[in-house]
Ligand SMILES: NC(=O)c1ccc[n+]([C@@H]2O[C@H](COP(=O)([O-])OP(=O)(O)OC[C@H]3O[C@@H](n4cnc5c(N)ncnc54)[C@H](O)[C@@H]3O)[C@@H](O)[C@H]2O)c1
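Okay, so here's just one chain, in structure tokens, the form predicted alone.
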């Protein structure tokens, strides 16, 4: 039975990880957050220890030989928390984006080697059955989609709170294209190969769009947080998340079980390693200049 700990347990995404640990019969032995509104832990892992001091948290995990520390903190804290986890002698599971720059990624490789532990990333969309089938088609016939219309619409409304939070500060989140665009940019690279050329047609903190030429496809993408854009596209105000490949539509709204599949991949097959983020961080570097 694997032992897990979570830092950033008070945030929204941590609850997905708690469900994974519970469903896979793991033990959540410690958690940490500056937010103490974590009563939901009592319903899932009532004996879990809670720390609001990071130094004590990492010391406890090192002493108790925790198998995995899960990093669910804001993006700008990921590198610091990954580093502390590896130094504590623990493997790491981290949400996307695992880091905000390439130099941090390279340093993590050195830390893994030094402490003989590994850092894994959540790439849940790569485990969707329909996208896996699409990838196999591309691998079998790389030229199949070169002349087909491919586009992504990612409309997900955010209220005033978002623009006053760390998520709207480029230095802390990487900006809109990293904080939210990360999900589909990663999928595009995974599916269609290396980036040959990219063009930004619009870029601000609410709405960005452009075109990217990959090894095996040309893709138009459109990312917006504006309610009026969604009303036009979807006649609703919640979200529209889809990729159109020729005549096929892939929706990004029913992937609730994919975190658990990601955990199974990490525990059984030791993937996805953080190194799989290398190509994605390179494209983000160009898009966020």
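Residue numbers count along the first chain shown, from 1. Since we're looking at a predicted model, the values are computed, not measured.
The same protein also exists as the form predicted together with this ligand; that form is not shown, yet it is the one meant from here on.
Peer 1: 28, 66, 32, 225: which sits within 4.5 Å of this ligand in the predicted complex by any heavy atom?
Peer 2: Selected option: 32.
Peer 1: Consider residue 183 of the chain shown here, and say whether it contacts this ligand in the predicted complex, taking contact as heavy atoms within 4.5 Å.
Peer 2: Yes, residue 183 is a contact residue.
Peer 1: Check residue 187 for me: does it contact this ligand in the predicted complex (non-hydrogen atoms, 4.5 angstroms)?
Peer 2: No, residue 187 sits far enough from this ligand in the predicted complex that none of its heavy atoms falls within 4.5 Å.
Peer 1: Evaluate residue 7 for contact with this ligand in the predicted complex, applying a 4.5 angstroms cut-off between non-hydrogen atoms, and reply yes or no.
Peer 2: Residue-level check for residue 7: yes, a contact with this ligand.
Peer 1: Is there any non-hydrogen atom of residue 72 lying within 4.5 Å of this ligand in the predicted complex?
Peer 2: Yes, residue 72 lies within 4.5 Å of this ligand in the predicted complex.
Peer 1: Going by heavy atoms within 4.5 Å, which of 101-109, 127-135, 74-82, 202-210 lines up against this ligand in the predicted complex?
Peer 2: Selected range: 74-82.
Peer 1: Counting only non-hydrogen atoms and a 4.5 Å threshold, tell me whether 174, 195 and 220 all contact this ligand in the predicted complex.
Peer 2: No, the whole trio is out of contact, none within 4.5 Å by any heavy atom.
Peer 1: So which residues in 261-285, when you check this ligand in the predicted complex, have a heavy atom no farther than 4.5 Å from it?
Peer 2: Residues within 4.5 Å: none.
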